[in-house]
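Next up, structure tokens for two forms of one chain, structure 1 and then structure 2.
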Structure 1
Amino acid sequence: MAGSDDDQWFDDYDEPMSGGEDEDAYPSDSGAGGSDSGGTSTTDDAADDGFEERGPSEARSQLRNRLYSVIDRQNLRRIQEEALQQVQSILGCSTTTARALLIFFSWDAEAVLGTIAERGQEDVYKRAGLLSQSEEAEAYAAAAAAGAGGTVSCLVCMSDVGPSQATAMDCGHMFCNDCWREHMRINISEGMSRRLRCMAPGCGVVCDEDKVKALLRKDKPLLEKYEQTLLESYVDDNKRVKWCPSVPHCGHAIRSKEMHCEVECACGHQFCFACCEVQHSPCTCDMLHDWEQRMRDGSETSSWLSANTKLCPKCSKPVEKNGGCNLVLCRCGQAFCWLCGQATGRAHTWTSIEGHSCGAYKEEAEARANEAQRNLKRYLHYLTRYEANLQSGKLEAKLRKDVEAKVDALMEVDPSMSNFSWLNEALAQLFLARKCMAYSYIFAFYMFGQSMFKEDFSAEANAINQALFEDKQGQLEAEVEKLSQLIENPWPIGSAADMQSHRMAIINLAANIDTRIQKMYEVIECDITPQVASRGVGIAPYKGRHATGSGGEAAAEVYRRAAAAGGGAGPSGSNQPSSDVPDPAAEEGGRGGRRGKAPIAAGSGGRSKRKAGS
């Protein structure tokens, strides 16, 4: 009983957000699209399937709460057809019309139908560049009458053709088939398939898909390109869907309910949905881009800058100290004191500068130091901490190696220790926290800097916000450092009891860190950003390691289970898969089966039910 819960949990943890990999797991769809998994639809299979939400099982309704889903090529066709059918079945219109409406409304079927209900069909059709149905019918009649007699005069090639050699679009405008084909060929080659319009001046009606396909039936490559572009319009014209920015492109797209959301594609690529850059919560996209610009502008590293340069009080450019004395000269001609940064005259001896005394440096000169200097100092303060956290995060691979050595040593002493999921969890939490910390410094730099949000806060309000935030940030940082040391320092491998408490300390710290991050986000989301709500400050929420949309409690529960399940003798057996369920991952189990952020797993305990590679 507990065992099956744990299995599901571990599956979820191995592939935290990569829903949609296993399209065929749908009861209704399996068989249709050519299954690859060949696995039976166990509950666990369904749990892997984070995609489009149909079907009865509870696992699926939970998944519905996920903020985003991954779409692969096959999905793309299906969900697009679903949207088209939804609109068509209610409006009774052609596919072309439904598609034009959906493109106009960024593939939001609800918006199409809602706006039509609200403003009337005629108005919406007109705005989307479509004829209303009555006009359409009249136009058809006119076209038929025109073609009934002798020949049709094509206004494009200016020659007469038989009625069978000409085609009228829904608007009634008739041209010869050769001209239509050439028009389509040029527009499709230029990637304008989805807005292939009538050739008549000022008409703008979208060419009917069936007529386009009939006209192009002999040109297979062109027809394919046409259909491909129509298909991709679901992503290209859809604000809620974006192509995964992985290079080389993996072919997947992500659909997100929220613009500000951190997502992970089925290919493993993680990015910010809003700006498609690296994940950067809790700082906003704007903050990140400004920050990166700043880093590019000052190619010098922070330590070199702070040790070797000061900003000129006149032109604000960094100046390098070029000799032993404290009077430095900027290229702009301004002389200033290296110690306090103040502008001075040029006459000086080794110990004093004319008209200048900075003996009071510590007490008052600090306060008088010019603004540019303060700004640089402030920037360096945040830059140093940002880089330190990013750096620790980058040492991930090395730390994992270290830890593996410790695990090996431990297993030699105590072979009953077989489940190290608690350790994987703690490491993952540590790296996640490092990333949060790094970007929280960018957030703080801009949020409290009284420049980006100068108009939004009074100095007092700003000071309160900063104190609130830095309190939580400081608590988080302390816990992160503790956990880091517990993992890196030597373990009490000789003593089983000591090792047990060491393990518990790591598990507890990891859980604490998760809570601390949530607390920090609470300050951001409840105390700070509501004050600047009118600015639309978009910050992706903290998802934690196990969030399924139900918030932080789930994560704490997960840690408790990890503590109960992992390590030592006894309960570890409960993680074995029940023998009557086929185990698709059996052949890649054990230590060889790691991939990506693969955990340090000994034996098959805990994670054996991972799906076979996709």
Structure 2
Amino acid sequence: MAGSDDDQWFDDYDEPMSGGEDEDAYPSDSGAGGSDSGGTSTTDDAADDGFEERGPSEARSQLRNRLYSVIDRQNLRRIQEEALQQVQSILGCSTTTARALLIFFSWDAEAVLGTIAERGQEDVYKRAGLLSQSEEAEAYAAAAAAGAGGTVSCLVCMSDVGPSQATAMDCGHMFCNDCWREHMRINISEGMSRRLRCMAPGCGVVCDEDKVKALLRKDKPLLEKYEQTLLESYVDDNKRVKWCPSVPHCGHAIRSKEMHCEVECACGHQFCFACCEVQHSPCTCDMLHDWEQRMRDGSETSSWLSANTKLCPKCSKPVEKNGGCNLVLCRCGQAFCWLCGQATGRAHTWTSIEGHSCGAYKEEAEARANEAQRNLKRYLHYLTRYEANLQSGKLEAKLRKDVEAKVDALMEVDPSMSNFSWLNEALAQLFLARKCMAYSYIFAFYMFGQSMFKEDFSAEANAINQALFEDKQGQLEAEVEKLSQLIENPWPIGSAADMQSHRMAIINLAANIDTRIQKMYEVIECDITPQVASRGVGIAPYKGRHATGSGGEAAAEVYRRAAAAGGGAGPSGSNQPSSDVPDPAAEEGGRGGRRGKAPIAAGSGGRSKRKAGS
């Protein structure tokens, strides 16, 4: 099938996935007794005493099942076979045909069936490498079988072999088994197992899997490599599935509904699904890539040096002009013209250099220097704040140890206060907010820099967007610093009333920060990115620490847990939630709950399940 329209049509399936157009969750891929982490069985919980609460691992598991699922190697084979059987049962084709079609369409069974229904089986099969594109296939097969005395002529090694020593693929091309094995060995070694094609010139038909396995049955290592590559093709050729990039590799894969989302593997490794780098929302993958490149090569510093210095024509060292005269004298003793960079004598006046003239414009040079200085200052502004927030996140382990020491001291004074799930929640929210803050500065650097998105915003619109974003960013930063101060500063351990007020202040701020992050993301998703038309802006949405939702719902859950643990309404003052944060603690202040010690551990975001009498 020829023609540019057809070529374009067959490329439609390769477009990036839309972000979250389908809200149905993937079923769990771990099966009974599978290895999907985070989930906890609730079979025995139905007869509980009414004090059941969802633990943090269960909450993360439910959130994960809404957005993505973890696939281990045991279930990878099952999932792949289900996809193959779906296509085979409808088309009535072989496993080789079904796999070739699915690989060609990135393991999208609906795209396979829909394309065949609309474009016809012959066109699709030829594109997928299931029908020979060579017009000489029949003549080729006839020539191979024309040997005298029942022999087969191999047109590769030009030898005559018996029919049992030759193999014909589905396209009709027949060669001796030795040539087939060598062809397969080379292609499998070069990573071409998934698209192992016929070696006839211009054919391109995918080799039948059963025949390949029969030819390689005596070479066990090569056969195992071939089979393993076919199995892993479900991940390698699938846009919706990616290997976990953990080092060393854990062996798990992630299947996601959305291309732009932040995922967590069963091994605990967290990464961006789109680029497999560290989680970096709200900045995009392109922003992160360019930012890391700037940090590696010092491009901003190089840009400033290029605009503010000139290389001495004698020693080639950069020289910065520190006066108004255009005659510059290097430390090596060489004098040269600042405007054109040519070596000159030292005799000069304020406006000219004796024996030298050039046509460069002084105004242009000064404008370039001023622009470079502004760009460097702007870059350093965002770089300083980005690194400060990342550095604070790296101190997570130290902060947890300090908090554990405070908890131990508090329990010695007041043994009745033994439930510290609220502190787990606050620490988790604090570290998450630090990460969001760090990458929000990268987002601001590119979004409002009039470079990457210069075509999308006028100077006036850009200023409005920047003011709106920085307002939400500033509110979040203020709340984060307040929470950090409350957790790190000495606690009022001696007074039970003061400690209760301190505790509720931490709970209030943690819930408020969750909403502040949500508000910042709303500005990005609803006010800024819809105006961008020049390129796609893929930003992983903020899902918070809670499986119940985001923003006010997540904050409400924190208050409900605090109230159930014996807390009342938060204290009055600056640490109260703002007007846009619901305060269910005030409504449920009379509610009591049972206490059970919850250790301060990394990744613990809520209370564990407790039974009566614990």
Partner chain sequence: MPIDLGRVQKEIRDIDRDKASGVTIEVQGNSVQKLIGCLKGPRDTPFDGGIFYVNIELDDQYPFVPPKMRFITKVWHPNISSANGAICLDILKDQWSPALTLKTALLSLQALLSSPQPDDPQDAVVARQYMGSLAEYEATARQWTQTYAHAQQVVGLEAKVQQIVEMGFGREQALAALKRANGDENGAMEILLGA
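Remember, it's a predicted structure, so these values are computed and weren't measured experimentally. The first residue in the sequence of structure 1 is number 1, and each one after it adds one. The term rigid core refers to the most C-alpha atoms you can superpose between the two forms while keeping them within 1.5 Å.
Matching each structure to its source, the form predicted on its own turns out to be structure 2. Superposed on the core, the two forms differ at Glu224: its CA moves 2 Å or more between structure 1 and structure 2. Relative to the superposed core, Ala166 shifts its CA atom by 2 Å or more between structure 1 and structure 2. The two forms, fitted on the rigid core, differ between structure 1 and structure 2 by 2 Å or more at the CA of Cys176. Taking the core as reference, the Cα of Cys157 moves 4.6 angstrom between structure 1 and structure 2. A C-alpha shift of 17.4 Å is found for Lys314 between structure 1 and structure 2, based on superposition of the rigid core.
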